[in-house]
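Two separate entries follow, structure 1 and structure 2, each one form of the same protein chain as structure tokens.
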Structure 1
């Protein structure tokens, strides 16, 4: 009797958006605390931990992604207004943008093209499937825009989202070491390279180094989001990489 009750309760809960929305927020909240406790170690990035925990729960309870997403879509939806919101930090960097617009613009454009082509070609050389190659193309662009591009060029938006998050974490982990190795000391240059390569996750890391690096990283992320959406689909089609 009691067992039947629990079963009924689970049937109700697992089909309601409330359970999966709440679990998403709880998993992120816990993951964020672990991350802070580990002194913001980028390897323990809250997205990685939260995603791992939630996937384990889904597999353990035999829940489909569709059922999960019915609840989690309320969080996912906010990616739209968050993209619009990027206009504000961009505007706050207006004076720097005016002074250095040419190098910033050319570096960002170069970064966008190199990020997409290098990932696609390396994956192709190593025998990855075409759909994986296409899903890799916008991996350095901030998630909401990257998913839009992926959908447009025939990739898998949900795979792209995962690749975007992984790229951000890699950029945050490798960035400071690489800049040391290349003897790049200028925080504005480091910020632009970080923002173009590793979008929001890299930007969060850049703010830990200095406010200047963070501001430039946010700027590069916003410019890259805009130009990637405008340039990437056409460029990849022109190069014949989408077939």
Structure 2
């Protein structure tokens, strides 16, 4: 087909609101097949591969993110019901949850404080600006909450959103291997660690390991978002880290 024909075909397809939604689902479907073919190798996590494919398509077609989002926003809409649905597997762990509620709360609180302060300290040692350090503080929280916290404490919400995604991908890729190295075998413990550090992307990875790990990861993700919104602004101000 001639270049003119290809351009006309692309103009026709890009006018459809379902184009980017379809490409998103196809990219994830193909990435998931690659992931399973590689025996669930975390380095080939389907989120990583699908994002890479979509970025390449956007760059190749010179499409803006806003145009992409306008077409694929139905996936974004489904995040709400999917988050609520996390309550179902968690309910199945209710007896264990009753025994562990205090350790879960304390571990989550410790996790968000250590994650925020360690990231800011490393960034400071590497010479990052104060605003970049502040933008790093909520990087382990789910994106909508993290961006709100970043805006409140004087960070850059757009930078925080990127850091949140990178943190989630790294957690999903490295988390299970790290648990093996540390010989952590309790799925509830692994789930809490994954949820606190890698939010929704880590929780998706946790569900691929076991329903119990995914349930506790979803719980930790929700609690860490609440604690981070309540604790981080006051903590950073108390430590004199805010302007």
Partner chain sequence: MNFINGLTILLVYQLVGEIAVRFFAVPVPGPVLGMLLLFATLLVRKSADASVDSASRGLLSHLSLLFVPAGVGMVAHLDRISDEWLSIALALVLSTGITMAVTAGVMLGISRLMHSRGRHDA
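Residue numbers count along the first chain shown, from 1. Bear in mind that the values here come from a model prediction, so they are computed numbers and not experimental data. Between two forms, the rigid core is the largest collection of C-alphas that superpose within 1.5 Å.
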Compare the two displayed forms of this chain and pick out the form predicted alone.
-> 2
Displaced residue check between structure 1 and structure 2: residue 69, CA, 2 Å or over, core reference = yes
Taking the rigid core as the reference frame, is the Cα of residue 32 displaced by 2 Å or more between structure 1 and structure 2?
-> yes
How far, in degrees, does the smaller rigid part rotate relative to the larger one between structure 1 and structure 2?
-> 15
